[in-house]
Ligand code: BDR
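The chain below stands alone and is given as structure tokens, in the form predicted on its own.
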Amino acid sequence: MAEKRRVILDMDPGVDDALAIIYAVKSGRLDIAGITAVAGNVEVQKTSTNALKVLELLDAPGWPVAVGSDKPLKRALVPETWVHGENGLGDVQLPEPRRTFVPQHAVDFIIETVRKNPGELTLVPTGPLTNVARAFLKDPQLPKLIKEIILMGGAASTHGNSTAVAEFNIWADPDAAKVVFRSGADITMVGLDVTMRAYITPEDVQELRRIRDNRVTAFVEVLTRQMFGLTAKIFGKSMVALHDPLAVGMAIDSSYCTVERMPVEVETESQLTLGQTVCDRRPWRDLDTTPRPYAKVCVAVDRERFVEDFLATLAHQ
């Protein structure tokens, strides 16, 4: 059996973050060192509490959950409540958690955990990159000690979802994203080019409930209900894009997506293109010898195989 990848999940739960937690925990194929919460979809007090609530729903072991940054590095927080509801979970109510957070700030938790496991930890950020950037700014050697960063964010060749060109996680804290992409860490960018193609439908959820009728699948059903209604209005098709679960999926099995290594810069100045991930996809890009930050950018996804695994994992007893 292959050795489990040791990960820290840095998240802003969030409907799809909640699905990512369920997928990560139920897969049994990741060694989860902890979950760090950041402000993004909603305020950090809510995102961190949501992480605890979902873990308790799963009867998960006592993985540490650390509360992190409550605002972007330089900008105001702009929550996405119109997508994720006022509480971040589509306004689905879960019991208040019995567990409490670790006393460390998420930034310090990331630094300490990476330093105790040099070269072994993969960070899986599925929210704004504020916690990760602050950790790198506080400990400049940290990027060299991380095995890999697999982040959900950005768009290489498609439109954004917060602006015409910017994906939410990057747009929410573009200054932090610039720090991370320029850090020298080994980065895989799981952006909208692939996550918008990796989606589930109401029929998928109905089949999931038929196969496994329990409190987790019941939660998934009500969690996705509002999103199905929203996407039907926007796209004319009910679907929930598995943005954050696909980043987790890439930590489980990197063959789900085809990647291309290319320069990636983050726009932080322009009001028109703020938060855009400028990905150089020119075939002759490597002729430019100017030092530029490179990342492995996901450009295609095996949707059928990934969604099949995601649903089978959630259906597992």
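The numbering used is simple: start at 1 and walk along the sequence shown. For clarity, every value in this text was computed on a predicted model and none was experimentally measured.
Heads up, the form predicted together with beta-D-ribofuranose (BDR) isn't pictured, but that's what we're talking about next.
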If the criterion is a non-hydrogen atom within 4.5 angstroms, does every one of 80, 152 and 243 touch beta-D-ribofuranose (BDR) in the predicted bound form?
yes
In the predicted bound form, is there a heavy atom of beta-D-ribofuranose (BDR) that lies within 4.5 Å of any heavy atom of residue 136, even though the partner is absent here?
no
Is there a non-hydrogen atom of residue 47 within 4.5 angstroms of a non-hydrogen atom of beta-D-ribofuranose (BDR) in the predicted bound form?
no
With the partner left out here, check for me: in the predicted bound form, does some heavy atom of residue 277 sit within 4.5 Å of beta-D-ribofuranose (BDR)?
no
Proximity of residue 219 to beta-D-ribofuranose (BDR) in the predicted bound form, heavy atoms at 4.5 Å
no
Stretch in contact, per heavy atom within 4.5 angstroms of beta-D-ribofuranose (BDR) in the predicted bound form, of 160-168, 113-121, 181-189, 231-239:
160-168
Listed by sequence position, which residues of 11-34 have a non-hydrogen atom within 4.5 angstroms of beta-D-ribofuranose (BDR) in the predicted bound form?
12, 16, 17
